[in-house]
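First comes one chain, alone, set out as structure tokens in the form predicted alone.
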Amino acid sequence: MRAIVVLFAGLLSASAFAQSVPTPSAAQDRLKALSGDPVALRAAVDAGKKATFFCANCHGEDGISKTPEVPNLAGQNPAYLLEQIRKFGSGERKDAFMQGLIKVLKDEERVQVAAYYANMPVRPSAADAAQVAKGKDLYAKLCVRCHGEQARGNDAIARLAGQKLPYLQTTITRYRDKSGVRNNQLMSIATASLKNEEIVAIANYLTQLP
């Protein structure tokens, strides 16, 4: 009897804990609600700017990274950003520095951060014209189905347009090589046949897109 009582109490405790932790869908719903309310969205963006003060050292105050190997966050899809924030916070994405920073963010601040960066303008980079032409053809064959014709992705897939050249080259290479730093089955399949010079071409094409 005592064991049953303890088990029942444990189930109640677990249930209460589950109800107290916001679900990913709740955060995404909050983000969608903001998109339909210009006044609330503006307030969220302003609050997000304040909440990202510790992100600016790497990703830049406006979401344009200061380090070539660090991704730009400006113009990224807000739902995608929010999901990556969640993954870092839960440990699904591994980076001790990012995990530590994100864990201090409250749930509403995470939504505000995603809204802020998504509303910052993208700044395309200069690229080699010859490489761009070659990269465009490769992108059309291998990447357009998921990332879209403009390479702007969607709620579940990252925007690649306007990312920095070194970041694109490094990330695509890691997917191809299955290095363990970035793992995704579809990306590994799409990039498996790419030669180093082809990765450079695709990166040149993507970096100059608005």
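Note that the structure is a prediction, hence the values are computed from the model and not measured. All residue numbers are counted from 1 along the displayed sequence.
Not pictured, yet referred to below: the form predicted together with a small molecule.
The three marked residues, Q76, M98 and L101, each reach the small molecule in the model of the complex, with a heavy atom inside 4.5 Å. The contact residue chosen from A27, A161, C143, L34 relative to the small molecule in the model of the complex is C143, the criterion being a non-hydrogen atom within 4.5 angstroms. The contact residue chosen from C55, L165, A151, I64 relative to the small molecule in the model of the complex is C55, the criterion being a non-hydrogen atom within 4.5 angstroms.
Contact between R42 and the small molecule in the model of the complex is not found at the 4.5 Å heavy atom cutoff. Though the partner is left out of this view, A47 does not reach within 4.5 Å of the small molecule in the model of the complex, counting heavy atoms only. By the criterion of a heavy atom within 4.5 Å, V113 is counted among the residues contacting the small molecule in the model of the complex. Within this chain, N184 lines the site of the small molecule in the model of the complex, having a heavy atom no more than 4.5 Å away.
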